[in-house]
Ligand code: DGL
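In the block that follows, a single chain appears as structure tokens, in the form predicted on its own.
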Amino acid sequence: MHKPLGIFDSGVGGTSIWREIQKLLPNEDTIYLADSKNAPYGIKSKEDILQLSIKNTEFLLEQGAKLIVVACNTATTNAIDFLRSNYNVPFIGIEPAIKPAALHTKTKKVGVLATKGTLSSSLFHSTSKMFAEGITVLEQEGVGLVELIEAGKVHDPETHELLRKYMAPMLQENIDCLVLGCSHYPYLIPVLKEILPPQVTIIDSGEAVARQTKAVLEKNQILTTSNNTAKHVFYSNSDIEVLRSLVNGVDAEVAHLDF
């Protein structure tokens, strides 16, 4: 079926998920919606997150999306059940990769860097309970990180300082896996690698989300079968330059949208 995949996030971070999807499914058209004006979602109420997720979904459906990837941990944990119940397209969510971390850890201590909205959600707690039995999960709210990434300040001293502060208690507890529980955070991996010792494995959800997207497309028989060059359109309701820089090197349209 030659309709686009819709992807939304509270800002530019979900482009880390988009990259993995595009790598695995190069023939699929995509429409990406960055709700940067309302970032970060992680500090908002559940009701606000739900309303924003509905608004984003309806925009993507108006553009003809055949499947929607909720490329935001906070929106997944707070809104995806409602979206699946009320809209007639498949939804792919993203949640912290607790399971692979639990399987990988040798020290039985795993760090999770995420937003308040994700860490306080019932889905996060049920996932942790299900997969992390016998493992210590050290949670850290990444206050201020989304805003820095949205402002294009990944390599600024302020970002380094915040990450050192957030990693210190985890390293004292001897974690050997760090789960990135926000789609913005993969952009911090180069900085984290400078801070973390080599024995700490950084785990994010991007590849798993891409594989799940492909599986759901195949199951629903809506995978694109043509070899046409895929079209990619990115929308933001804020400054588009950071978004443009993150998709640099890809033949894509990047546009500002009032919504």
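All residue numbers refer to positions in the sequence shown, first residue = 1. The structure displayed is predicted, hence computed values, not measured ones.
There is also a form predicted together with D-glutamic acid; it is not shown, and the following applies to it.
- Look at 157 to 165, 83 to 91, 110 to 118, 123 to 131: in the predicted bound form, residues with non-hydrogen atoms within 4.5 angstroms of D-glutamic acid sit in 110 to 118.
- Shown alone here, residue 234 lies farther than 4.5 Å from D-glutamic acid in the predicted bound form, counting heavy atoms only.
- Taking the partner from the other structure, D-glutamic acid in the predicted bound form has no heavy atom within 4.5 Å of any heavy atom of residue 188.
- Among residues of the shown chain, residue 179 is not one whose heavy atoms approach D-glutamic acid to within 4.5 Å in the predicted bound form.
- A residue is said to contact a partner when one of its heavy atoms sits within 4.5 Å of a partner heavy atom; residue 146 meets this definition for D-glutamic acid in the predicted bound form.
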